[in-house]
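Form predicted alone, single chain, as structure tokens, below.
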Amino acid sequence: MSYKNFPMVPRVIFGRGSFNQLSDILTPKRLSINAPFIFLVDDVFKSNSWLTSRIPLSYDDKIIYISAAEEPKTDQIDMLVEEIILNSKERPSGIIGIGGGTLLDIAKAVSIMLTNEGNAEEYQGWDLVKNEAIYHVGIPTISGTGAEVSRTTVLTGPERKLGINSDFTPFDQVVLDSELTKDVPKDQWFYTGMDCYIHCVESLQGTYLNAFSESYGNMALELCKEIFLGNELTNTQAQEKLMMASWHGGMSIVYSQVGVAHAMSYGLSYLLGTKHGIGNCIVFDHLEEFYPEGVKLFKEMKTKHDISLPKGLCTDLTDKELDIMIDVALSLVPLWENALGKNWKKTITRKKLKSLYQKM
């Protein structure tokens, strides 16, 4: 039997205020004064000098502000790579992503495409990347997606929504400073936190489960329960614990997989542009049949935090549009296999998926 030999993030710094050490981290990695560091920053921070004034710029370093309003797209990556190449005297010393899952995925994809020929869409899939990415750093400003630790970068391409899954995808360095998450709006905090919770449920109940995934998944799940159903935490404690839950939830799926909610939310995202966190919540709300205990707890969390999910997303869709979503969902074979085993096609038919989508 052969076992997967997965890479992990080799360096991580954790602690409130650790963002201030960014200059110390980057300085030894600078290749030359003509090889800039490129900071890809969520544009919600554009007018937030509390964060932006602390970004250590020197020489030709640049900040590129990027909207996270939509999920990252392959052509967006291609345009960014072109912009960086055209405006840099030499290949950059590194790419630093500062933001939520969208910005972290964009940073990972850009760092790969700076050293690999062609377009980003050509690398959607498993282990298609040939050359090592340039040095890249992830700095999450919201917790839950696990993008800071995963070996994928999820992109919507012309044909499908699928990640660049590769050993070259994970960050070389991650900075976990929970203070950066202090201004996250409540609904976004919930949706992204639930992304982490759903990772855990899907990993822990999957057929790919093993002791490695289980130990991380259980830890993240307990943290999620403490954060979203407990009462005793200060804001600082909750922020730190959710950052750890995100990390452990991401680690849990490194060696296993996600399941039904993720497969179906990819369909919503591809057709309707639904953001990943809220998309997972909308789908998971209807999955009692697959995850009875997980969905019951999810509904308790939703009630406790007074969250109401959008309804009727699929009410007016044509059969053709529903078919597009179903095709995207069905293409994610490893997710279905993890959720339901090798014979998943006996349970998951087009008719079944259509009836589930029509409830959303």
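Don't overthink the numbering: it's just position in the shown sequence, from 1. Just so it is clear, the structure is predicted and the values come from calculations on it, not from any experiment.
Below: the form predicted in complex with a small molecule, not depicted.
> Find the only residue in 239, 257, 102, 124 having a heavy atom within 4.5 Å of the small molecule in the predicted bound form.
Only one listed residue qualifies here, and that residue is 102.
> Within 4.5 Å of the small molecule in the predicted bound form, heavy atoms considered, which of 162, 194, 180, 251?
The option sitting close enough to the partner is 180.
> Please determine whether each residue of 45, 71 and 185 possesses a non-hydrogen atom within 4.5 angstroms of the small molecule in the predicted bound form.
Yes, the whole candidate spot contacts the small molecule.
> Could you tell me which stretch in 126 to 134, 185 to 193, 224 to 232, 85 to 93 has residues with non-hydrogen atoms within 4.5 Å of the small molecule in the predicted bound form?
The contacting stretch is 185 to 193.
> When the contact criterion is heavy atoms within 4.5 Å, does residue 142 count as touching the small molecule in the predicted bound form?
Residue-level check for residue 142: yes, a contact with the small molecule.
> Examine residue 147 and determine whether its closest non-hydrogen atom to the small molecule in the predicted bound form is within 4.5 angstroms.
Yes, contact at 4.5 Å.
> Do residue 153 and the small molecule share at least one heavy atom pair within 4.5 Å in the predicted bound form?
Because a heavy atom of residue 153 falls inside 4.5 Å of the small molecule in the predicted bound form, the answer is yes.
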